[in-house]
Structures are given as C-alpha cells and as structure tokens.
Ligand SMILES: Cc1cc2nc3c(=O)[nH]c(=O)nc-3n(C[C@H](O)[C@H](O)[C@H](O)COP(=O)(O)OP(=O)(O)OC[C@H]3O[C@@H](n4cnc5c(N)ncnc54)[C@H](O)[C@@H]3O)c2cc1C
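First comes one chain, alone, set out as structure tokens in the form predicted alone.
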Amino acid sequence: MSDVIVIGGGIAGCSTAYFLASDGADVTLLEQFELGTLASGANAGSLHAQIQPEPFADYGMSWARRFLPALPFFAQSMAMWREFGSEFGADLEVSQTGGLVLATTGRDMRLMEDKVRLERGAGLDSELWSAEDVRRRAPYVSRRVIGGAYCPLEGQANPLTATAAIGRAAQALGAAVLTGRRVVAIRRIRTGMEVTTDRGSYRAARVVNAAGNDAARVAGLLGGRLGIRSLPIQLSVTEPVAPVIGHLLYSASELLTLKQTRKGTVLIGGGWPAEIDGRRRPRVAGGSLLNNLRVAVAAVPAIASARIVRTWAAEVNGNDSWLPVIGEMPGAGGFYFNCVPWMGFSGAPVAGRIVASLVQGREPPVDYDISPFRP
C-alpha cells in the first residue's frame, strides 16, 4: 500500500513522483511502456513561456485573455528548468537563449503588438522587435522578416535525457518505478484506491493521472471525462552544421519551431500533422514534411544545404484552451490530474511540484492563482 500511485511515466509522471518522493511520500509509478517512450521522448525539446502564435492567430484576443493565467505558471517552470540538471546530476542540455516569433507581414506585426501588450500586462518579460532589432540581434533570419515578438525566458532541453534523469532521481529517493504495466481498471476501496494493471494490482491512498495521451482513457476508468485529445505531429532533425540559429524561432503565421542544439543539429517542427496508419500508429506525412522544410528555409535560408537525417512522427495531447488541467477530479476525492496540453515538456517541473503539494494537502509553492487549471 503506497501513499500515492502515479499513472504515467512521461515527464509529467516522473516529475510528480520526484517531488512526492523528495517530500518523503511512499510513491509507486506505473508506466505501460518504458519511461519517456511517447510524447516526452519524441518532442522537439522546446521550452515555451509566451503566448503561442498558432492559437493566438487562430482564436484571437478572447482566447489569449483566457490563457493569461498560464503565463506565470510557465515562467516559473522556466526558472525550474534552469536548476533541474544540477538537482539530478545530469546534463539536460538546457539553454535559454530566448524565443522569437518572426513576422513577415503587416498583419503579423499587428498580431505581435497585441500579443506583447497582453503579455507585458500580465507580467511576462516580452519585447516587440522592429526590423532593425531583428537585423541586429538575429541577423541570420530572412530579410523578409519585418519584426517579431521576443521572450528571453524560452529555449530548449534534451527530451531524450530529461525524463530518464528525473525518473532515476525519483527512484534514488525511494519511488518504485514499474514499467510494462498498462492500467486497465481503477476502483475505490476502504483505504483509498486500487489500480489494476495487466501485471497485477496496486493500492494507494491517492492516485495521480499523469498519463498524457492516455489520460482521458484513464479518467474514464473512474467515471470521469477529460477534454484532452491526442494529435499526430511530426518533426525533423538535420546533420550537425556550423552554429547559425541563436534562438528558439517561430513563425507568426505558419507552423514552425526551429532551433539548433549544442551539437549543431537543427530541429525543425511546429506541429505539422502526421498520418495514422492501419495499426493506429503515427507515421510521417510527405506533404507535411515538404511544407515544414519550406517554412524553415524561408525563415533561415542558411540551413537550406543541411541534410535531414531523421524525420519522425509522434502524438501530442491538446485541448482548445491550452490551459493546464491540474487538481482533484470533481466527485472523485483522492484522484488528481496532471495534464499540461501542447506544452507538457515545458510545464512539467512546476506542474509536478504543484500536483505533489496538492496530493499531500499542502499549499503549492506558487504566488499566482491556479484555480483556472482545476479539472
């Protein structure tokens, strides 16, 4: 009998287990595959803090105002990412060189002006850059760029090492990390809850659903509904090339994230849709690959000669509000959610800390209102 069972061995589940174990709780983590197998290990490693350009362009100011409570949440997570590597004794390749949304039209610039005004009003450190600012501070981008929005908090980390390092740290503090266990049932018992997997049952006083793409199914096992859906996307990485890209780049009007790692490889993403094959697995879509590379080269012409060495498909979980879903499920005392849609890698440190506190009946160490995130 554990104090807490955490369902999900991605970065959300591992972070929650780590903070619970560091507080002295008896924790069991259940993962159906291996740690970091799905979205946590297949994402591009971007660390986001600003209002994202895609939903802002699609949904407008009313959506953005509803999203504002998440800005201090992600800002705190950026601060925690800076310390994560030293906590675990591992190099997570964290760099925070800032994120820059590139504008190429007058409409783009008007959107960026509105976005920066909202962000600064909410206390986020963001800046509106003119064409002159871009030429001076990001001279490698296309001459088509007429300005942009810059957030110095943003950057990147290595998703291939981060989740495993956090999981190892949780184990070192006493957490039981059990892989190869798919949760198939959850029921209430007198002392809490019993979680049944395809390899046995486990009991705990409380349960955290940090199952990412599988979170809606897991919630349903206890009669709950979660408005999170899974979407197939794809990314590409180049061979190592000479240093050229100095920021995490976005496009104000097209799907793009673009950055260069410490090793020189260029990661190209932005949420272009992948396909789903006959076995319900994501696979690369040729049209999306072509368009993603077209947008990337238009933003940074110098990468046109770099060779792509790998393109892969993955699934990301998302919702319409883009707000985290954190807290106790209504009508199900003792069952908690830790779901950060779209930007789960970015928000994992602070989400894990908040949920670990809530599960123990403690006040989370934050100075902002988390009630907008309640399930």
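Predicted, not measured: the structure shown is a model, and the values here were computed from it. In case it trips you up, residue 1 is the first one in the sequence shown, and so on.
FYI, the form predicted in complex with this ligand isn't displayed, but the following is about it.
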At 4.5 Å by heavy atoms, is each residue in 101, 245 and 254 next to this ligand in the model of the complex? no
Considering non-hydrogen atoms and a 4.5 Å limit, does this ligand approach residue 50 in the model of the complex? no
Residue 344 near this ligand in the model of the complex, any heavy atom under 4.5 Å? yes
In the model of the complex, residue 332 touching this ligand (heavy atom, 4.5 Å): no
Do residue 199 and this ligand come within 4.5 Å of each other in the model of the complex, heavy atoms counted? no
Choose from 288-296, 90-98, 140-148, 176-184 the stretch whose residues reach within 4.5 Å of this ligand in the model of the complex, heavy atoms counted. 176-184
Students should find that, of 70, 306, 42, 325, the residue having a non-hydrogen atom no more than 4.5 angstroms from this ligand in the model of the complex is 42
Answer key, this ligand contact in the model of the complex at 4.5 Å (heavy atoms) among 258, 162, 207, 211: the residue is 211
Out of 284-321, which residues reach within 4.5 Å of this ligand in the model of the complex, heavy atoms considered? 314, 315, 316, 317
